Structure formats: structure tokens, C-alpha cells
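Next up: a single chain in C-alpha cells, the form predicted alone.
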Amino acid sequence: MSDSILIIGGGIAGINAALNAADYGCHVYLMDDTPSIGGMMARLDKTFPTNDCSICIEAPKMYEVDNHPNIEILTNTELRKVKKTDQGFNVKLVQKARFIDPEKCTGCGACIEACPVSIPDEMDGKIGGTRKLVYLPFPQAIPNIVAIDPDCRYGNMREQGACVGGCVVDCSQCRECPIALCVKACIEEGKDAVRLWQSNKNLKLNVRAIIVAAGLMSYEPEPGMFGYGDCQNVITNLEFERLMNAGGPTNGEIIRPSDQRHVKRIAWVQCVGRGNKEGLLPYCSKVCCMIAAKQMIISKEHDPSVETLIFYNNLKAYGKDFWAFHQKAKSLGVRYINTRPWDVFEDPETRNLKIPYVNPETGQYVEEEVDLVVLSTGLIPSDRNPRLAKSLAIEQDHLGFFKEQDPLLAPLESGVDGVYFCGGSLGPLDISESVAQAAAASMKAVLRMKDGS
């Protein structure tokens, strides 16, 4: 459709941009390279500074997107090529096979139960989370359709016990699989939705504007940094977020990965990975201080007897009610220590963690012993940014984020007419800022179409 908008990224920014543009009568393609829209927000526990349930906020918007007559969702889809035209863009996409018929699958989960192989979950693996080779990304996924891991379909998981991969006939040549347990379970449910012979699909679109809402990624500490990777009870703030989430691998129980024991003392270390050396983040990610405050408050709500302390450098409380949120954490008994610890060491017998540091008030050597250490890591550009920059002929800055044409005179606009930005594509920001940018970027795209330029 020539009067359409393509939105790249189905997180909270992309979702709000799609709804806003669609309400103005534009046809919107909402594209994401994962099996479901929702992005990182769908996997968080609560949002600061109100501590409202994250998925409770986003799920109604996801449902609205799925049922909006002007929005077409394209999941498991990647951008391949973009050609600028006088009126807009010719876009080539590839929609990866999920090996499921979307018209027949109801997300009942019978195929998931039948799958014999569990593997570490991409987000939860380090805290004990697993998923099957047939899986639903999360319970509220949109579309509510399972996907089959390509490694299973192409026989790469045979040694791990997968039932697919041992047949002498390729699935593309067969339509009646007698081997795959997921196929049998689905047929027994009366659905017959599994399609192991499904192939990737090439799509061509003609759109007037493109909005890049590529999102952010969480920085992963280098092995050994504050014990990460060496000590099982040292985790990142994103992993702790999943640990206290009722939809996470522990059903919201805050327990230690090493022995599943309920924690009584937790320490947060801020600005992990930040520095001037190569491979470290040279910037502040803005939201880490408030994320830590939120996690400490929620930990206290789970168990008021839990002791919490935080090692910080410079406190960042830049948004509305953020300072009051920080004060609330302090009022609950959170200890704020303005120093940087030397390192984190593990007691081999108890698996407890020892944190040596210099007391900033007395100058004396102090050593804290805790059950769990949470590393507050920063936010980094999406790993898809270089590919998008090449396909769209747009610029990246020296950090890997996209570059605005002019932050003051042309905010959220790229150097290519008709390509706009929102959300984490421009740098670290919180959810409220992402939503505000999404509204602005979508209006720029809508006005471009209404003006006929």
C-alpha cells in the first residue's frame, strides 16, 4: 500500500507509534525480528517510579495493536533492502519460518508439553530459566502462536534428544511426519498446525515513511568483572528483574541461583562496565539508579527482613518523581554507600559473597558479606543497528546509536527524508520518554503523508 508506514521494532515505542499513526487513518506495518511484539518491557516486573505492573500496562496495548484494522503485525521478520523513491520507499523483507500455521495454532501448549528437549532461555538461562524447542516467548505473546527453534527443525539438536533430525527424508519433501512429537500432539488436539516444511517468505512493501524503533540491549559484563561468570550468585540487574518477576523462572521467588535459598542480604553495584577503556561504556545510561531503587523497594515488599545496600558513584534522578522514589527506597532502610568496591569474592563453603571497600566517611577498610550481588549494567545500542544503518543509508554516531539530522531543528529525523527515530534507537532512556518520542515520530510520519511530501 502506497500510503503506509513501516515501523521497525515492536517494543513499547514501536507499539505506541503504530497505534498513534493507525488512529490517524494510516496503514501501519509493525515489524519485529522476534516471534512476538512487546520487546524488553514485556519481560520486566514493574516500572518506576509508580511500580505498576509492566505487562499489565503493555498487554492491553499489544492486544489493541493485534485487533486494530489499520495495523498489520510482521513478526520473525527482518529488513533486507530499501530503495528510496520519489514518493517513499520500496522495502524488501524476509519473514522467517516459525514452522507453524498461524491460522490454526491457538497457543494451547500441547506441542510444548510434548517436546522432549529443554534448553537455557536466552534471557533467563543464567538464573535457571529454560524453554522447550517448541515455545511461546512469554504467556501474553502477540501473536499468541508458538514457534519452533530452527536448530530443532534442521536437525542440530539431535544429540540433545530432539525427535526431529533423524529422518532420511527432508521435511520439505514430506507432509506426514511420523517422528516429531509436536506434530502428533497438535494433531491429537485437532489443530494440525505444525508445519515443519514451512520456508522463509520474501515480502515487498511500498511505504511512504519508516520509523526506526530498534530498542536497546543490556550490557553484559566481561567475565570476572565483580565476580560475574565466576560466582554463580553474581547476576546482572536484568537477570534480577527476571528473578523477582512472577512470570520468571522462579515464579517471583528471590532465591540464589547456586542453591535456591531465599536471600537475606543483597548488594547492588552501580555503573558496572562504565569507564574510558576500550570495551567499556563511556556514558551514563540514565536509568540504572532508578532501576536499582525499584528493585530494592520490591525486594523489601517481598520480604521486609531483607537487608539491601547499594554501592553508587553519582546518583541520577532526572525524571518526574524520581527523587521521591529514591527517598522512598532510603526510608525502607536501604543503605546507600557512595564508593566503588574493589571486587567481589566468593566464600567456597557458604557461596556467600564478600565485598571489600573503603568507607567514604571514615577512610577505613570494610568488608560486607551478602547472599547475592546485583550488577547494574548500562544500556547499549541494539546489535541490529549496523544492518539497519546500511539498509536505510542512515548514520550512526560513535557509540552505535543512530544520528539525528539536527537534535534542535529536526529532532527524531534522520538524514534520509521520510525516515524517523524513536525509543532507544537514539540512546538510553526510560519507558515514558520512549512513549513520548513514539508519539512525536508517528506524527512526523503522518504529517508527511497528509502533506503529500
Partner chain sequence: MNDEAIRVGVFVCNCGSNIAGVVNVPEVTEYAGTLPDVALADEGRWSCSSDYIEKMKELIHEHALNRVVIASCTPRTHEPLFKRAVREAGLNPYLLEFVSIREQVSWVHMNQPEIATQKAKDLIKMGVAKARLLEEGEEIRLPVHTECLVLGGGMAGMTTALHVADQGFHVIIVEREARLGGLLNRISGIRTDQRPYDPQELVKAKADAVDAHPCISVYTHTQLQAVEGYIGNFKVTLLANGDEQTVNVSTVIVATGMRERAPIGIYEEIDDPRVITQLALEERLLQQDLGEVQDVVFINCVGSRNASRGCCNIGCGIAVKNALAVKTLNPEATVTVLHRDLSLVKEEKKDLKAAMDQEIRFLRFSEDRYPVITRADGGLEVSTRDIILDRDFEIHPDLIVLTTGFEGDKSVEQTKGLLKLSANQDGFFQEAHVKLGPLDFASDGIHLCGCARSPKSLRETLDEATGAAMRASIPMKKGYVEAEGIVADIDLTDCKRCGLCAKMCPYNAIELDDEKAPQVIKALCKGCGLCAADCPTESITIVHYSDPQIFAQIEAALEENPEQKIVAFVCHWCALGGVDMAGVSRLQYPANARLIRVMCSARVSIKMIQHAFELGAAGVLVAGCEFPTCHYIEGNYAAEKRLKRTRKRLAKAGYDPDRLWNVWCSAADGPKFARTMRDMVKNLELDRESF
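In this text the structure is predicted, and so the values were computed from the model without any measurement. Numbering follows the first chain given and starts at 1.
There is also a form predicted in complex with its partner chain; it is not shown, and the following applies to it.
When its partner chain is considered in the model of the complex, K300 lies well away from it, no heavy atom lying within 4.5 Å. Although the partner is absent from this view, Y420 stays clear of its partner chain in the model of the complex, with no non-hydrogen atom inside 4.5 angstroms. Although the partner is absent from this view, N51 contacts its partner chain in the model of the complex, with a non-hydrogen atom inside 4.5 angstroms. Contact check for P223: no non-hydrogen atom falls within 4.5 Å of its partner chain in the model of the complex. If you check its partner chain in the model of the complex, you find no heavy atom from any of L6, M123 and P386 within 4.5 Å. Y312 is the sole member of Y135, Y228, Y312, Y219 with a non-hydrogen atom within 4.5 Å of its partner chain in the model of the complex.
Here is the short version: of K191, K84, R335, K96, the single residue with a heavy atom within 4.5 Å of its partner chain in the model of the complex is K191. Of the residues in 25 to 47, those that come within 4.5 Å of its partner chain in the model of the complex through at least one heavy atom are, in sequence order, M41, K46, T47.
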